[in-house]
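Listed next as structure tokens is one chain, alone, in the form predicted alone.
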Amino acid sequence: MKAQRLKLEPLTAEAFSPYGDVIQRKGVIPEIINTGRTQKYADLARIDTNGGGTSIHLYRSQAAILPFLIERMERHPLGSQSFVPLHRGPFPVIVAPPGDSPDIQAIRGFISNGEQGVSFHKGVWHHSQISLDGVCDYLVIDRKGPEANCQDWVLERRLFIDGV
């Protein structure tokens, strides 16, 4: 099986819009609250729980060693999922459009600037968070409910990230 290299492109709101929202302060005018002590950057991402509840998790991820093999993708058919890094380092974001399975030809890779998070639209195929600089923590916002909301897919072709 021939391996393919995935080129990472800068994570921008425009380029990422088919897959979800980029969570960032850049370009947002904050509201001043709490007697002037706090800047509130509101409505940075759409959270879609499709009638389920909302849950917030902390994920601690081990660093990936490059080159990193992308073997699987997952999707959440019933609601969105968000990754907000609690570290300041860039991290890759790997996505593919919604569908019955991830289209290997349509997989795209983005690299955050270290201050951005992402919120995947319902049904978008994505890789789990990939940390590059040691152990990294992420705040994850997800749908909760009695229905299964995570589908996993093993890719039929090897895909590598070999540098950022």
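Just count from 1 along the sequence shown to find any residue number. Nothing here was measured: the structure is a model prediction, and the numbers come from that model.
Omitted here: the form predicted together with another copy of the chain. The next part is about that form.
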Distance check, Thr12 to another copy of the chain in the model of the complex, heavy atom within 4.5 Å: no
4.5 angstroms heavy atom contact with another copy of the chain in the model of the complex for Asn149: no
Close approach of Gln105 to another copy of the chain in the model of the complex, 4.5 Å, heavy atom: no
Contact label in the model of the complex: Asp133 to another copy of the chain, heavy atom within 4.5 Å: no
Position in contact with another copy of the chain when the complex is considered in the model of the complex, options Ser101, Asn113, Thr54, Asn50, heavy atoms within 4.5 Å: Thr54
Sequence-ordered list of residues in 44-71 near another copy of the chain in the model of the complex, where near means a heavy atom within 4.5 Å: Leu44, Ala45, Ile47, Thr54, Ser55, Ile56, His57, Leu58, Tyr59, Arg60, Ser61, Gln62, Ala64, Phe68
